[in-house]
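Next up: a single chain in C-alpha cells, the form predicted alone.
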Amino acid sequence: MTHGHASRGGASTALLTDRYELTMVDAALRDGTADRRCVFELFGRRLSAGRRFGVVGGTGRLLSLIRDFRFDHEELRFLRDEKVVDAATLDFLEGYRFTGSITGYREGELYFPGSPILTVEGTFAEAVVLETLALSVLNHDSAIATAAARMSVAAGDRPLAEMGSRRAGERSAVAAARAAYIAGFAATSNLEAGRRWGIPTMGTAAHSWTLLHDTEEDAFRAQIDALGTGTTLLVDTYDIRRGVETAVRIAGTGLGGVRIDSGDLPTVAAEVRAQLDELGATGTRITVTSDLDEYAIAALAASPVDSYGVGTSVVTGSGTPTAGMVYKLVARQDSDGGWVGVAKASTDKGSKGGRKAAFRTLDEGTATSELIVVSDGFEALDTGASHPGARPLQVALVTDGEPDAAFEGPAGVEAARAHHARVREELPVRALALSRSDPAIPTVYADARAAGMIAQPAVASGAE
C-alpha cells in the first residue's frame, strides 16, 4: 500500500470486493448505464448499541487503498478463469481508474445518524465498485475508533495503551491500533502499526518471562539488567504482595512501574499503591490490564491507577465490531443529463435521496445538532456555502481521481488524532455518559432551496 505518497506503489486492492459489484458493472456496460453520472453516499442509519456519538475512522487508509484499486494481470486472469464477467468488461476493468470525486467527514470527526460520512461521485461503473472496500474499512475502523473514544473519555487524563493484536486478525490488528490511536489511545503494542503509522509502541514482558526463570527475583533482575530501572515489572505471576516487595528490593525506589493483570482491580490497585508508598517507591506507576473495557475503566476512576492497557475490548469495538454503515445511490443522471434524487424505501432500511451538505450547529462552542441540507435532486447543492452558527463538516478527499495525500500516512494519522481531540470538546456533557441512550444531538434535515444553498441547475458533465 502507499501511505502519504502521490503515486501508486502497492499490491492491487481491486479484489477486496464482492462479486456483485462487478456483475453490476458487467450488466451496466451491456445496457448503456455504466457511464451515467451517480452520487453514492456512505452513512449510518443509527448509532450501534445505543451509543451517543460515533467517530469516523479509516478514511486515510481508504484513500491509500483506492490508489491501488487497479485490475492488474493476476486479478484479470482470476476474473476470466472464474467467468465472473465477460471479455468486454475485462477490457473495461483493465483500464479502470477512479476519476471522480469524494468528499466527506475528516477522519476523527464525530458522526451521528444520517451523517453523509462519504459522498462518492463518478460514473456508475467507477463508483459502485468502491462500495465494499469503503464499507470494509470505515465500518471496521469507525467501530474501533468509537469504542476507543468512549474508553478515552472514561480514562480522563490517564494514558491508554492498545494491546489487542492477539485478539484480532493480523491485518485488522494493525488497523485497530491506528483507529484507537486516532481516538485517544497513547500507544500500541503492535510493531507494524508503529512502523506503518508512526504510533508510539510499548511493551516489556509477559508472564512467560517470569515462568522461564527459576525465581521471580531472577526474572525481575534480568529484565532490569536489560531495560533499566525505569521498566515496568509484571507482579502478579505468583503472589502480588510478594512480587511488589521483590520488585522494589531489586530495582530500588526508582522503579518505573508495576503491572497488574488479575484480581479485583480496584482493591488490588489500592493495596499495591499503599505497599509501594510504604516501601518508599512513591513515584512508581501502576498500570492495570486484564480484560478492561470502558465500564471497567470508569469503575477504576477513583483508584490509584496511572495507566491502562486494553486488549480484546478495543480491537472488537467493545461488543460492536462494525459501525453498521451503508453505501447507497442517492442521485443519478437521467437520460436528459439532469440529476434525479433516488432513495431506497424498504422498511427500516430507507435512505434519503439527493445531494447533501452537512454542518454541526454550535451554541457557544457546544454542539446542538447535526444539520444536513438536502437538495431536491434536480438542483446542484453548493456544499462550499457556509451556514450561520455552524461548522461545515465535509472536505475534499479525492479530486478528479487523485486522493489528497495530506490525509494519508503517519502525517494523516496525527492530523486525524488532533482533529478528534478538538471536535470532542464540542460534545455536550450528556454525550460523555456510557449508558445506552439516544444520540447526544439530533439530526436535523433542511431543504437546500430554503437554506439558500442552491448553486446552479445540476447538469451532468458533458450533457447538453
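Please read these numbers as outputs of a predicted model, since none were measured by experiment. Residue indices: 1-based, along the sequence shown.
FYI, the form predicted in complex with another copy of the chain isn't displayed, but the following is about it.
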Counting non-hydrogen atoms within 4.5 angstroms of another copy of the chain in the predicted complex, say which of 139, 287, 394, 152 makes the cut. 139
So another copy of the chain isn't shown here. In the predicted complex, which residue out of 301, 343, 274, 88 has a non-hydrogen atom within 4.5 Å of it? 343
Flag residue 94 as yes or no: does it have a non-hydrogen atom within 4.5 angstroms of any non-hydrogen atom of another copy of the chain in the predicted complex? no
Classify residue 250 as contacting or not contacting another copy of the chain in the predicted complex by the rule of any non-hydrogen atom within 4.5 angstroms, answering yes or no. no
Could you confirm whether residue 245 comes within 4.5 Å of another copy of the chain in the predicted complex, counting heavy atoms only? no
Distance check, residue 165 to another copy of the chain in the predicted complex, heavy atom within 4.5 Å: yes
Looking at 357-365, 209-217, 179-187, 274-282, which one sits within 4.5 Å of another copy of the chain in the predicted complex if you count heavy atoms only? 209-217
Would all three of 170, 191 and 332 be in contact with another copy of the chain in the predicted complex, where contact means some heavy atom lies within 4.5 Å? yes
Relative to another copy of the chain in the predicted complex, which residues of 30-45 have a heavy atom no more than 4.5 Å away? 30, 31, 33, 36, 38, 40
